[in-house]
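The chain below stands alone and is given as structure tokens, in the form predicted on its own.
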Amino acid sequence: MEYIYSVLILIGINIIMASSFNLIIGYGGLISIAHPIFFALAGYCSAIVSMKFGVPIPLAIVLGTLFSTVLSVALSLPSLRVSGDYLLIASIGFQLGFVEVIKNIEAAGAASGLTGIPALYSGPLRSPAFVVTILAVAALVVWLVHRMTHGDYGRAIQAMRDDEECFTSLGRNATAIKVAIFAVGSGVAGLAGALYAHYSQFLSPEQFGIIQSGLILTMVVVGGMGTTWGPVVGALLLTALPQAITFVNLPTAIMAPLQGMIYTGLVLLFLFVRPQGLMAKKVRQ
């Protein structure tokens, strides 16, 4: 039963990550690969303030989420003022640099990882309580993204993404919308990271590398970019697939490269065969 709980929690985490990334890349058209880093930033921040300073865990989770949100604005604002392409370059440098920095910070566990993180829940009902919490947050995130991307604000996001020059010629501030989208998406990823830290009670720099970026991108592309339910479907499928592969009992040296090849292959396959993903985007009236 514990295995089922862990899979359900992982599904919830991946739904949050894929839906928040879809807000950035699917609806906003902003290309960034650093999404797992904001997950990590909030996780490490929440873990450290709760461990080292005795901050209550709920408050630590809030602080971690705010920390990742603020840093996302610091990353995106100068990049998006120049060109969207600079956000991709900045995100690559930010991700690679962050992983190396964490590996050399003793307070964050360095390369061996941070252990002994206090759990949000304890006792025999710990896992069921976490399942309920994560799935409730995942449902709230899906609803939030849907609300943001539909209606007047959603039409403004679509207009900005489809033709930024025309959008700005109408006197609208495209940079403000892009920064807001990036901040909300990154902040939500941070919330997932903080919750994950207080569930797994362990964080390691190896958990937030390029493979994780590829996994989240694959979930969005396979499910359907710019749709509400696409990332949910993609997260369900791409969470179940690695679990199925583990039953093959392949060596770790083969397992990790195989997963990376599968993610890359699925992205390429869907881009050429079904670019709209499994959940085709409906034309707005």
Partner chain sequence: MFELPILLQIGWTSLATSTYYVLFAVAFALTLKVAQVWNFVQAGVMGLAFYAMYAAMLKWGWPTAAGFTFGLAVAVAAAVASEVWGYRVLRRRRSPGLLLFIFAIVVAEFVAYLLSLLFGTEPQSLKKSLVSEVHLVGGVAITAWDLEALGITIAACAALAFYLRRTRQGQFMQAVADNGELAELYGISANRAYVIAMAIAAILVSIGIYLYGTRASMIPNAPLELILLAVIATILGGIGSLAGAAISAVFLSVLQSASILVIPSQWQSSLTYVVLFVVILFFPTGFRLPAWMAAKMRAR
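Positions refer to the first chain, counted from 1. As the structure is a computational prediction, the values presented were derived from the model and not from experiment.
Absent from the display: the form predicted in complex with its partner chain. The rest refers to it.
- The three marked residues, 44, 63 and 242, fail to reach its partner chain in the model of the complex, with no heavy atom of any inside 4.5 Å.
- The contact with its partner chain in the model of the complex, taken as any heavy atom within 4.5 Å, belongs to 90 out of 148, 135, 142, 90.
- Note on contacts: among 225, 232, 238, 48, the single residue with a heavy atom within 4.5 Å of its partner chain in the model of the complex is 225.
- Within this chain, residue 195 is remote from the site of its partner chain in the model of the complex, having no heavy atom within 4.5 Å.
- At a distance threshold of 4.5 angstroms between non-hydrogen atoms, residue 267 is in contact with its partner chain in the model of the complex.
- In the model of the complex, its partner chain lies farther than 4.5 Å from every heavy atom of residue 59.
- Although the partner is absent here, residue 131 lies well away from its partner chain in the model of the complex, with no heavy atom inside 4.5 Å.
- Heavy atoms within 4.5 Å of its partner chain in the model of the complex are found in one stretch of 70-78, 109-117, 183-191, 123-131, which is 70-78.
- Annotation for 180-214: interface residues with its partner chain in the model of the complex are 210, 211, 214 [heavy atom within 4.5 Å].
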